[in-house]
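Given as structure tokens, the chain that follows is alone and in the form predicted on its own.
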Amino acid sequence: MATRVLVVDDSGFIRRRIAQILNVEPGLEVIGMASNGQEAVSKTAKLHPDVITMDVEMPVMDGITAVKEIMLRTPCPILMFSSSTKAGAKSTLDALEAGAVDFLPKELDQIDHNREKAESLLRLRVKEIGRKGGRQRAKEPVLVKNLSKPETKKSPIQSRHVSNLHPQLLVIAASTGGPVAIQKVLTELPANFPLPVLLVQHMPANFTPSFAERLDRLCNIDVKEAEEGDRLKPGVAFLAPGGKQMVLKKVGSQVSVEIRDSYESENYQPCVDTTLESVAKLLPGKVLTVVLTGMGADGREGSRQLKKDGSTIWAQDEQSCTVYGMPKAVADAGLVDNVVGLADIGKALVQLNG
């Protein structure tokens, strides 16, 4: 059965172009179009699409307001299209907070300079979002299950199990659905959180500064976009800059951040595997990695390197994921110590002893 899509944009040319790109895929069908947010709200209620693609800046009713209305009246997975400006990045993050699932740059060449690859990624993203049915929030806190024990009875991570962990670094990785999930986790950490934190979120370069600023404003810990030479500090989270790779280096006894350009072999910018493999070399057996919602398998090979020396891997559970791709990849590879509901991750991290 095809994924039914409603395309929303104030530009007739853009609406037709997106429809053409999506309708090429047998598993996708554009069932309607809307030229503003108000029309989108009305057509969503009438057509009940599986996925909506939504522009942010529109007349009559903007995309952020439309997302709020749709999520309130007839919830549906929404993929935002964003401009490359700082204001566009801020508006898109507002839309994600309002309930949108994911976003892509409105200019497809910012997804990939190869037009065919960019169009293929758009189709894949819409299909994945439609398959999941959007953000599925648990009605009550999702409990943690330990993979080494039978699943007959779920119970949260025991305080003594978490307090027995003594990592020196926390790494949080995410992709689709990640901005909201990362915000949920980080806002629960206290100002005196004992570990430095690395954040790797698949995100374009023009978005990461705004995302870091937003997190820093909302969180008790400090959050900043990582820069060359930043030294790891307890209670400070460093966000990998979009379009670059964030790795660790050691200068004397100090561990600091190195920001470099990507190699051809690195499919994501930033790439979770790249960061984790770097971390595994410098801090063997001393890392806690939490793999959150995201499409694909980025993070699996890096987690494999971490596990060789005894580091700990947690993965977000399927029920609370927007897209159960990255957590599933590490879980299926047998690399995960605990599967954790999003509602419980922050609470468990608070129990850590650095």
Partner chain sequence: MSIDLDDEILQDFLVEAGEIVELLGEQLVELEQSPEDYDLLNAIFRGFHTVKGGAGFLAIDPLVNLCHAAEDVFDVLRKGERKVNSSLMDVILQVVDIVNDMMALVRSGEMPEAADEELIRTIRTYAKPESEDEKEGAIEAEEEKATATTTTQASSEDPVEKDFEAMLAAAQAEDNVSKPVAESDDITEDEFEDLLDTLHGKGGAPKGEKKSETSVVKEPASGDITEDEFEDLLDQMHGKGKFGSATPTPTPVSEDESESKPASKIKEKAPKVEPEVSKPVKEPVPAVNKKAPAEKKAATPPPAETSIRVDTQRLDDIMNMVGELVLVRNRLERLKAQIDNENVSEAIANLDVVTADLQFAVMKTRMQPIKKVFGRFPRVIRDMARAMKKEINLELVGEETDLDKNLVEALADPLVHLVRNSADHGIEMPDDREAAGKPRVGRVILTASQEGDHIELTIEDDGKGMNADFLRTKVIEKGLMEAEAAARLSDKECYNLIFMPGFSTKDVISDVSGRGVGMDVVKTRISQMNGIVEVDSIEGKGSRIIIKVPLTLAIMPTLMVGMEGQFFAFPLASVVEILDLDLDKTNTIDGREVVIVRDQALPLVHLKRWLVNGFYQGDEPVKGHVVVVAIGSQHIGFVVDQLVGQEEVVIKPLGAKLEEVKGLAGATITGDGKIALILDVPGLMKSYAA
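Positions refer to the first chain, counted from 1. For clarity, every value in this text was computed on a predicted model and none was experimentally measured.
One more form of this protein exists, namely the form predicted in complex with its partner chain; it is left out here, but the text below deals with it.
A.B. asks: Have a look at 202, 244, 106, 125 for me and say which one sits with a heavy atom within 4.5 Å of its partner chain in the model of the complex.
C.D. replies: Checked against the cut-off, the match is 106.
A.B. asks: Taking 4.5 Å between heavy atoms as the contact cutoff, choose which of 287, 321, 58, 329 touches its partner chain in the model of the complex.
C.D. replies: The residue from 287, 321, 58, 329 that makes the contact is 58.
A.B. asks: Please state whether all three residues 12, 20 and 83 have a non-hydrogen atom within 4.5 angstroms of its partner chain in the model of the complex.
C.D. replies: Heavy-atom distance to its partner chain in the model of the complex: all three under 4.5 Å.
A.B. asks: Is residue 251 part of the interface with its partner chain in the model of the complex - any heavy atom within 4.5 Å?
C.D. replies: No, no contact at 4.5 Å.
A.B. asks: With the partner left out here, check for me: in the model of the complex, does some heavy atom of residue 115 sit within 4.5 Å of its partner chain?
C.D. replies: Although its partner chain is absent here, residue 115 would touch it in the model of the complex, with heavy atoms inside 4.5 Å.
A.B. asks: Does residue 87 reach its partner chain in the model of the complex if we count a contact as any heavy atom within 4.5 Å?
C.D. replies: Result yes; residue 87 sits at the interface with its partner chain in the model of the complex.
A.B. asks: Of the listed stretches (290-298, 306-314, 321-329, 58-66), which one has a non-hydrogen atom within 4.5 Å of its partner chain in the model of the complex?
C.D. replies: Every other range fails; the passing one is 58-66.
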